[in-house]
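We begin with a single chain expressed as structure tokens, specifically the form predicted on its own.
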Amino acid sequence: MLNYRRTLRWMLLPYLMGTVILIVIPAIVTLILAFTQYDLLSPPSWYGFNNFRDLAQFDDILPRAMLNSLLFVLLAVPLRILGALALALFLEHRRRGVGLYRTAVYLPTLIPDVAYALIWLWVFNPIYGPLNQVLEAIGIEGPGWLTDARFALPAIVLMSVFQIGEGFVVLLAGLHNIPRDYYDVAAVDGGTGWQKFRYITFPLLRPWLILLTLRDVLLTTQNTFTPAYIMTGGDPYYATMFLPLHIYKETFEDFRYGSGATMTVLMICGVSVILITVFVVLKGWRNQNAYD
């Protein structure tokens, strides 16, 4: 037993070292820089809470970036979770071609973010993009997806919905973990498909759904950078200026590292509040439904 624990510690050591080097140390440095003025050319100088005050008074883009990020999370996360759940239910049972369909669901997740953004940049092209051509074929005039402030953010949400492969795999594993005896007993009692889902599948999948929701909130907040940077640059009229992109511009284009670190701290605090809120709501919903 002692040798097993020692081996386990050695196996975990590279992961722990990577976590410290790539996450813990940068987080500490970011927190320190948030209270300094630093432009990469001169040494950092202590600035206290003035960075937070300056952002509140002089940064007119920050509220819009925060609102865009919040809207993106509120739109994308439910759609991604529901899409992964629907596909997992549809492709749960083995039949001809199901392996190909499962691969097709997971494939977009394997595409690098830059390549994925470039593909959708072509899809959303208002002149020769396939999406508008399909809409035109059925008599609908397609909008300028990425050049119209009304459709730019929904377009980014739409492209994110197709990257649900990981959630799909997790929910598929959750479905396979449910004992089939439950469904057999429900069938003997005359249970319908909806009743089986309502009283068996859904309650037993709640822990998986809660885990995926918390994970998706965390990842969705960060994954807005690449599509916004490559496809729109935050335009039109700041409609796709998300918080990670604004932090990048503030830090690496304007060389205001102190302000960029301050916004990073604000983003971490905001995401933490959202995660705690979602966890409390879902935990209460889970406990409430446990007695139904």
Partner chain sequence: MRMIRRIRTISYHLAAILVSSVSVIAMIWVISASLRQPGLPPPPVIEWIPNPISWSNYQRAFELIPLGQYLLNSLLVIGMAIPLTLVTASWAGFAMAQFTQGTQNRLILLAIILLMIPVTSLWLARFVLFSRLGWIDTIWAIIAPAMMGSSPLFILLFYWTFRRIPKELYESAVLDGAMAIQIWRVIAMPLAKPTIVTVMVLTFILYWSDFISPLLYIKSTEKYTLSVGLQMLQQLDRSNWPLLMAASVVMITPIVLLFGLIQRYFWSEKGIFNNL
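Keep in mind that this is a model prediction, so the values were computed, not measured. Residue numbers count along the first chain shown, from 1. Take the two forms, find the largest set of C-alpha atoms that superpose within 1.5 Å, and that set is the rigid core.
As for the form predicted in complex with its partner chain, it is not shown, yet the points below apply to it.
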- So in the predicted bound form, does any heavy atom of Val170 sit within 4.5 Å of its partner chain? yes
- Query: Does Trp194 reach its partner chain in the predicted bound form, with heavy atoms at most 4.5 Å apart?
  - Reply: no
- Message: Tyr182 versus its partner chain, in the predicted bound form: is there a non-hydrogen atom within 4.5 Å?
- Response: no
- Task: Flag Val188 as yes or no: does it have a non-hydrogen atom within 4.5 angstroms of any non-hydrogen atom of its partner chain in the predicted bound form?
- Result: no
- The unique member of Ile119, Leu71, Ala149, Leu204 whose heavy atoms fall within 4.5 Å of its partner chain in the predicted bound form: Ile119
- Complete contact of Phe52, Pro236 and Phe279 with its partner chain in the predicted bound form (any heavy atom, 4.5 Å): no
- Item | Heavy atom contact within 4.5 Å of its partner chain in the predicted bound form, the stretch among 149-157, 194-202, 74-82, 96-104 | 96-104
- Across 241-280, which residues bring a heavy atom to within 4.5 Å of its partner chain in the predicted bound form? Pro244, Tyr248, Thr251, Phe252, Tyr257, Gly260, Ala261, Thr264, Met267, Ile268
- Core-aligned, does Ile268 move its Cα 2 Å or more between this form and the one not shown? no
- Message: If I superpose the two forms on their rigid core, does the C-alpha of Gln57 end up displaced by 2 Å or more between this form and the one not shown?
- Response: no
